[in-house]
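We begin with a single chain expressed as structure tokens, specifically the form predicted alone.
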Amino acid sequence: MNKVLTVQDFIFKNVDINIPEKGSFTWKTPSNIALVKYWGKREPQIPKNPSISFTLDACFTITTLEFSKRNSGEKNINFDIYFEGEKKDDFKPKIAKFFTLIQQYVPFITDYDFVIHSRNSFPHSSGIASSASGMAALALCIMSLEKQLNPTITDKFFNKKASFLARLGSGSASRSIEGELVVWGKHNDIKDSSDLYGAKFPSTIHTNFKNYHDTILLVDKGEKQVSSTLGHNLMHNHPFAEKRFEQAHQNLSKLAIILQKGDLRGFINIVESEALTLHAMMLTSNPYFILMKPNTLSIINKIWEFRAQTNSNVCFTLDAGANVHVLFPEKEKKSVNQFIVNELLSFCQNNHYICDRVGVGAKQI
């Protein structure tokens, strides 16, 4: 059994080696789509309930971290950020906060000046978990620097600490390090699960869920009116919060069995219910808000009609946004893809959509 690590395990251990003067690391890191959602957290970035997600493949962030050793003895954090070729000073506060939160675990970051270059394969801040892939990529680059400073760390520890660090920047980023299914949050039925980092789903997944498809319908490519951070905070005094957290635990227990047995109908029931419950929490918070658009609901109804007429196993899920993730098994890709083109694209902004599927996790490039 893998050891469940504690906060103390992630504090950097000094190693007497030559410290690199300068260099760069680049990681390609996927987004993920939660099947059981987490909504609500406590400091520092601890989920109020566990979640499980499919790691994606075509939706990714590529981040390069350039580093150069300082000659001065200053111990501040200094960096510049470029997103898709443009300098983005408005991104700096969030990343500065991330660096501050992780500094005690990677104190060597104050010895360097950094330049971050990042780009997405999908629209930023539109409900495709751009902060998840972005923060995970940055955490992996920092871990590559730690690996150079301490070559003795194992690959398992490298991934767990990358997830641990990424979580402090964006909770869902903890699930974007590995694949195919990742659990974040302590759950009694999931071996080695932790609130501190994501862990690969430990059981064998039925072939029904191998190469699962996720076609993302871009209903609204603009930025969300309400950030996920604000939405999470509204769960603190939410009248239904405790029952929701209980429900998520129960649904993860059920889904763990479903994934092993290959129960496609059971999968549909849990995943769609979770998506609608997530948005129900938004609808019933104070202040209340709606991230779905009219076309989001039109797509959902079309999927329900198609499933009733054809006995298909297609279903939907939603993140904290208007876009719809259409999930379906590999064996139905021809019929569902035709359905999407014929019936659903008209509800997308400029007919834009992304064909994705379950991936294997981040890669260094």
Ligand code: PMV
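Sequential numbering from 1, following the sequence displayed. Remember, predicted model here, so these are calculated numbers, not experimental data.
Keep in mind the form predicted together with the named molecule is missing from the figure; the text below concerns it.
- With the partner omitted from this view, the residue of S163, S118, S172, N251 that lies near the named molecule in the predicted bound form is S172 [heavy atom within 4.5 Å].
- Between the named molecule and the residues A34, L327, I299, A322, the one pair within 4.5 Å by heavy atoms in the predicted bound form involves A34.
- The candidate spot formed by Y38, H232 and L278 is fully in contact with the named molecule in the predicted bound form: every one of the three has a heavy atom within 4.5 Å.
- At a distance threshold of 4.5 angstroms between non-hydrogen atoms, S144 is out of contact with the named molecule in the predicted bound form.
- Using a 4.5 angstroms limit between non-hydrogen atoms, S285 is distant from the named molecule in the predicted bound form.
- The named molecule in the predicted bound form is approached by S131, whose closest heavy atom lies within 4.5 angstroms of it.
- None of the heavy atoms of N159 is located within 4.5 Å of the named molecule in the predicted bound form.
- Only one of 256-264, 163-171, 95-103, 213-221 places residue heavy atoms within 4.5 angstroms of the named molecule in the predicted bound form, namely 163-171.
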